[in-house]
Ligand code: HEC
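Read the single chain below, which is given as structure tokens and is the form predicted alone.
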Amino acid sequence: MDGREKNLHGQAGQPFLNPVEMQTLKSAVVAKARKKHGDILRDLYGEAVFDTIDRAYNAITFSISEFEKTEEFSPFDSKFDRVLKGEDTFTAQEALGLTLFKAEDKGNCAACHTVPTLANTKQESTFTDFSYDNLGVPRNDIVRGLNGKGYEFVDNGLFQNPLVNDAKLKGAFRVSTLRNIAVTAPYMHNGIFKDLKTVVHFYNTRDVDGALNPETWDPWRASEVDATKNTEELGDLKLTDAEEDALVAFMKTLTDSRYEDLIPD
């Protein structure tokens, strides 16, 4: 989400090795894959695939990235997709949520989370325009205390990429997909929020005096990178509680059918 990798293949190789994710080594990944899938990897990449750790690891991560491009990984069979095809209908609350999602004078979520239509489902199917934005998210102290960075470290997101030198991009992270968003907590780039309704309430009231974080009942904490946060499209949307609920109800319809039973009440 901070743009450090230029393609899907590069990204697929990172979680295994990341000290705050899977905390393992290339050699360990290769050893496990060789034991369980060695014959298939040799069939695909040749007998020399295990000649070096890097060669085998590259084959493994390339396979993952290729899988992530398939319809098995992204079936587009959520309730939203069924409604788009005329196979299902929204409830009144879900329909209101979609209206608010697209309304420029209300939620305006579609400004960055582009909404597919029947004519261009494939082009916009993931509900993101792939841009980068600073949402003014607070620092996650629990994570910062565990990941070795320390509390003084400032996560500048995209700006930490050595190829990026525009100071306006400090604290910017990629606009995330909303597919399966109802079942993929915690939320925001640093996992600061546990509930989807909290995210919507944050977008709605981040800059409103007296507004509280419903997970802590404390006022919203200061943004980790305050100077460049987006104040034009979020922070004081003036949505009612019922309208927030409607947005959450709509986003629940973006859940693949295989995961619908995981949607929290």
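Fair warning: this is a prediction, and the values are worked out from it, not measured in the lab. For every residue, the number given is its place in the sequence shown, counted from 1.
The form predicted in complex with heme C (HEC) is left out here; the points below concern that form.
- By the 4.5 Å heavy atom rule, the three marked residues F173, S176 and I181 all count as contacting heme C (HEC) in the predicted bound form.
- Only one of 188-196, 76-84, 159-167, 141-149 places residue heavy atoms within 4.5 angstroms of heme C (HEC) in the predicted bound form, namely 188-196.
- Shown alone here, V115 lies farther than 4.5 Å from heme C (HEC) in the predicted bound form, counting heavy atoms only.
- Residue contact with heme C (HEC) in the predicted bound form: L8 places no heavy atom within 4.5 Å of it.
- The closest heavy atom approach of S125 to heme C (HEC) in the predicted bound form falls outside 4.5 Å.
- In the predicted bound form, none of the heavy atoms of T99 sits within 4.5 Å of a heavy atom of heme C (HEC).
- Contacts of stretch 133-156 with heme C (HEC) in the predicted bound form, defined by any heavy atom lying within 4.5 Å, are made by D133, L135, V137, listed in sequence order.
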